[in-house]
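For reference, the chain that follows is the form predicted on its own, supplied as C-alpha cells.
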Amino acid sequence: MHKSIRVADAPRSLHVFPVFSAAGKSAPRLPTTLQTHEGARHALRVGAFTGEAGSVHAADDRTLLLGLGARDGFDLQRLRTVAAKLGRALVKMRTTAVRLQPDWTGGVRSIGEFEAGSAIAEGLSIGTWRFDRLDGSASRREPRLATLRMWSDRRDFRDGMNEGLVVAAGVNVARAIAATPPNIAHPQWIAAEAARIGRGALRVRRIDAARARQLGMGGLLSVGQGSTRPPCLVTLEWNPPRRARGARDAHLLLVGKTITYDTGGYSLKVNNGMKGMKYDKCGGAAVLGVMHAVAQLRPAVRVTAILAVAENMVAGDSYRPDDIIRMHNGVTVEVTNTDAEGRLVLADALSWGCKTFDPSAVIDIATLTGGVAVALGHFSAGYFSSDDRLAREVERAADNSAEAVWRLPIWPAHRDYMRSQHADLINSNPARMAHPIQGAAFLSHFVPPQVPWAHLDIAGVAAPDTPSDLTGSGPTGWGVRLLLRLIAART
C-alpha cells in the first residue's frame, strides 16, 4: 500500500476518467475529452471495458478508465467502493500520482463536488489500508509505496478530498487500535494512545483504578479486577473556541466500550469462542477514531468522549456469578454472567459522564451482544434510543455514511426484565430472551431520563468475517463515519 495519501498536484500524473456503464448491450459513453482517444474507443469497441463498477482499464500509459456502474442507483457509497477498488488497482500498478477528471457526481442532485470528493478520498484511503505495524522479518508483503498524490482542478472537489482523508484517517485509526493484539493493547496502552491522539488539540484525562474506587465505579472495577492491568476511564474533550449559533448549548457525549480482551471471566468462552476477542474494544476504538478526526476538523460544537477500559480475565480474585456490586449511581447489580461485562463498564461511564458533563445528548457504542449479530448479521448495527429526535439524527447520519442501523425497542417490560431478586438489577437474564435488548435495557437504568440517549450495538459489524468491497475482512472502523456526520449536522 501507499505510505500516505494527500491532495497535491504532480507532474506525469495518471489521468483517471470516470465512465458509467450503458443499458443493455450498448457501449458506455466516453467523457467528451476522450471521444477521439483511440485507446479508449478501442477498449469499448472490443468490450475490454464496459463501465462495470470498480473496473479499470489503461487506455494508454497516462489514461485510466474507471467504471462507475449504471447511473440508476448511483450514490456516495458506490463511489466509495469504486474508489477502494481504484486504490487497490493503483497499488498493483505502482502509481504514485493521479489526476481525477470530471465528472464524479453522476448528475445526481444530492451529490455535489464536495461530497463526491470526500467519498472518493474515503474510499481510496479506507480501501487500501492494511495493518502491518507488527510485520516481522518473515513477512512476504510488499513494502509500502511512496505517498499517493491525487489532484482535481475543481476546488470544491479538492476540499472534499481533504476532508475525506481526515475522516478516513479516523476510520483507519480505529481499525489499527482494534487490530492491535492484547499483549500490547492493554488498558494503559489505550490511555497512552488517547493521550497521543489528543495531544495539542484535546484535553485528555485518565481516571485510574484508585480514583474509580473513590467514585464508586463498582462495574468498571469488578470487570477489571482479575487482570494484572488495572482498569481505567479515559476522557477526551473538544471545547471549540467558537460554537455554531444553533449549538451554543449543545454538548455531545460519546461513550465507548473498550474491553481490551474478553475471556468471558468465570463464564468462560468455550469452543474457541475467545478467538478474536481483541475486537471487544471496537466501540472505544471507534470513539478514538472520531476524536482523532475531531482534533483536525475542529467542529463548532462541544464533544466529549469517554473510554471505559478494562481487561476481563480469570484469576483468583476475578468477579464471579452471584457477586453483587454497587455501581456509580448507587444501583446494585447481581452478576449472573461475567461475560456480560461490557454493560457493567459502560454503565459506570454513562452514569459518571452524565453527572460530570451534563451533556445535551449521549451516545454509547459497543460490541455488546451476540444477539444483535444473530438478529441483523453483518448488514446493520442495532440501535436503541430514548429520544425520537436523537434517533432521527442517528438515522440521517447512518444514511449519509452508509453505515446501516436498525432501531429496536426498549419497553418498560424490557427494563423490568432486568430486575433482580437479591439486588436492584441483574446484568443478564438467564432466560436469554430479547438478548440484544437486554443490554440496552440494563444501560437505560444509568442514563438520567431527561438526557437524550442512544445505544449502538456494533457486535455484528465491527469486525465481520465476510469481506466488503470497501473494508475487506477484519476491523471496519464502523461508527466513525456515522458519528462524524452526526457531529457535522449539529454545527
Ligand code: BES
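One-based numbering along the sequence shown. No experiment lies behind these values; they were computed from the predicted model shown.
Note that the form predicted together with the named molecule isn't included here; everything after this is about it.
A heavy atom within 4.5 Å of the named molecule in the predicted bound form is found for one listed residue only; from Gly371, Gly216, Pro359, Gly226, this is Gly371. Taking a 4.5 Å heavy atom cutoff to the named molecule in the predicted bound form, the contact residue among Thr304, Thr180, Thr95, Asn337 is Asn337.
Contact check at 4.5 Å (heavy atoms) against the named molecule in the predicted bound form: none of Glu395, Glu403 and Arg481 pass. The shortest heavy atom separation between Ala40 and the named molecule in the predicted bound form exceeds 4.5 Å.
Shown alone here, Glu311 lies farther than 4.5 Å from the named molecule in the predicted bound form, counting heavy atoms only. Interface membership of Lys278, defined by any non-hydrogen atom within 4.5 Å of the named molecule in the predicted bound form, is ruled out. In the predicted bound form, the named molecule lies farther than 4.5 Å from every heavy atom of Thr260. Heavy atoms within 4.5 Å of the named molecule in the predicted bound form are found in one stretch of 241-249, 285-293, 362-370, 82-90, which is 362-370. Looking at 177-202, no residue comes within 4.5 Å of the named molecule in the predicted bound form, counting any heavy atom.
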